[in-house]
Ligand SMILES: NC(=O)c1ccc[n+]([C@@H]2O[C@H](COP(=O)([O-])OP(=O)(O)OC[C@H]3O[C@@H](n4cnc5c(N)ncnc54)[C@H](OP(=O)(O)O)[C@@H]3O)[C@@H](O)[C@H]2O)c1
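Below you will find one chain, with nothing else, as structure tokens; this is the form predicted on its own, and questions on how it binds or moves follow later.
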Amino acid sequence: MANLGYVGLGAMGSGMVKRLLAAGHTVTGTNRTRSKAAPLVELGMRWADTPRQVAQAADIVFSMVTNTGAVEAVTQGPDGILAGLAPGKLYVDMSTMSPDYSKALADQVAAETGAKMLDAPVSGSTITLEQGKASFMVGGDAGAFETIKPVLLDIGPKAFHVGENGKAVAMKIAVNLSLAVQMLAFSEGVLLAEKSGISRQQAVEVMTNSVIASPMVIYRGPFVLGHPEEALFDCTMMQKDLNLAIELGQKLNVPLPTTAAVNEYMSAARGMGLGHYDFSIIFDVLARMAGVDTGR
């Protein structure tokens, strides 16, 4: 069993810590809002007041926060993760952020602390995480990947090493743009069926049992019938990832026309006051344009 640390105990981070504790690992954690950590402390997680204390207590420290700025906030300064790292330790960031910053941070970790850093974003939601179906893509030193792979497999069944530092974050961005694009296409299909006289519920049932039924469509498609009270991944977070994709596409000369289009629908959702909903609220944006009442 490993001696682990975890910084960032949001919905996904908390779910991972629960699985790590259930697997028998020792976990020391911290979060900006301490109250969110209370259920984990009851399950056996050790609380630390700062990211530095987490890194000092653990051999392998994980972090998962909202964006590039949040990663910088938990890693830098006298109370940051880097201040608690030392040679022989591993730092594994699971956030979706700028690939360039991720690579630069890995270089900083190596130069200033003697530790190694991996980027290891997760593919999945709180639903797939609870089901034990989340997968990981990992960038960085291959030997360090083999060290953390058994730990990752205690969270989900798949872990892929995709290359050097920053590559896994780029891979995650490539995955996430497809989520929004798929949701837009699904919404178009449901609305076309509905305005043809087919009930929305029947359209969803048929489409989620058809050839288009990707894992994302299967668990998120039914949201067009009723959105969850707590978003799995809200419009603001999705738009952050879409903007990262567009930025990367411009840098690499890769046209991303459908990504650009769905990004505008995220802006529309936020403009309509729907930004706090799961990004599948894109259905409601399209429905309003089509003159269909969703009741929201």
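The first residue of the shown sequence is 1; numbering continues from there. No experiment lies behind these values; they were computed from the predicted model shown.
Keep in mind the form predicted in complex with the named molecule is missing from the figure; the text below concerns it.
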item: Single option in 246, 70, 57, 268 placed near the named molecule in the predicted complex, where near means a heavy atom within 4.5 Å; value: 70
item: Residue (of 48, 262, 64, 40) lying close to the named molecule in the predicted complex, criterion heavy atoms within 4.5 Å; value: 64
item: Which of 78 to 86, 140 to 148, 208 to 216, 123 to 131 sits within 4.5 Å of the named molecule in the predicted complex, heavy atom basis; value: 123 to 131
item: Touches the named molecule in the predicted complex: residue 10 (any heavy atom, 4.5 Å); value: yes
item: Residue 33: touches the named molecule in the predicted complex, heavy atom cutoff 4.5 angstroms; value: yes
item: Residue 232, heavy atom within 4.5 angstroms of the named molecule in the predicted complex; value: yes
item: Contact label in the predicted complex: residue 237 to the named molecule, heavy atom within 4.5 Å; value: yes
